[in-house]
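Below you will find one chain, with nothing else, as structure tokens; this is the form predicted on its own, and questions on how it binds or moves follow later.
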């Protein structure tokens, strides 16, 4: 079966009485050029044979390409019908492990999924057992999944296909109107770059809006932050972006004297605020 053929994908769905689920954000990639560009970006610098995490494999278009290039793939699929068919449809490849379950459950409670088979638990979380992640993330849960992963800090690199508006928010710098909590948290430990846009016509069913390929590569600029500093960073930024139209001085009253708004601050600005507040309490 050609997974980039709309005709063949639709025929399989009809034959198996499968209806793509909008609630799960099921939009299958059917464009070969987009497929190759995603996998090229995601596996750049990663040696064949490495263990790759894929979330939301769907019909297996990315899965098949990565397996063909010699990588080991652990695919987490929430839809029980797609999870049950994936391995067999690809010829039961020995380098493929399919986990039927919600990705957020898998990431937060890896002990409940023995097939994940991670190395001994580390402070970086279960994602540390993978070299990278390459995924066409489900629209509805994509941001939540990414935020869980960036906070675990286990993956060296992630390449994801997400809605363009989500991609723009993840990569937005200070002063941008699109800057939000997701970008601030992602950029604390990752350099974020929008690689390319992918038109809505490259998916079936066709979504209402376009998507973009985004890479997140872990940096070491903030490895010296303590857990206390990280916790305060997340609490402050979360509260600030919940009231993004207000000045920081109005949100935090006597704690912070500033006329700036949340999106105007860089991550370094937030870190300096955090350290200043903790030094005052010391």
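Note that this is a predicted model, so its numbers are computed, not measured. Positions refer to the first chain, counted from 1.
There is another form of this protein, the form predicted in complex with a small molecule, and it is not shown here; the text below is about that form.
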Notebook entry, point to check: Does the small molecule get within 4.5 angstroms of any non-hydrogen atom of residue 55 in the predicted bound form?
Noted result: yes
Margin query: Residue-level contact is defined here as any heavy atom of the residue lying within 4.5 Å of the small molecule in the predicted bound form; does residue 154 satisfy this criterion?
Written below: no
Next item on the list: Would you check, heavy atoms only and a 4.5 Å threshold, whether residue 141 touches the small molecule in the predicted bound form?
Entry: yes
Next item on the list: Spell out, yes or no, whether the shortest heavy atom distance between residue 271 and the small molecule in the predicted bound form is within 4.5 Å.
Entry: no
Checklist line | Stretch in contact, per heavy atom within 4.5 angstroms of the small molecule in the predicted bound form, of 188-196, 172-180, 77-85, 108-116 | finding: 77-85
Margin query: Going by heavy atom distances of 4.5 angstroms or less, which of 167, 149, 103, 158 would be at the interface with the small molecule in the predicted bound form?
Written below: 103
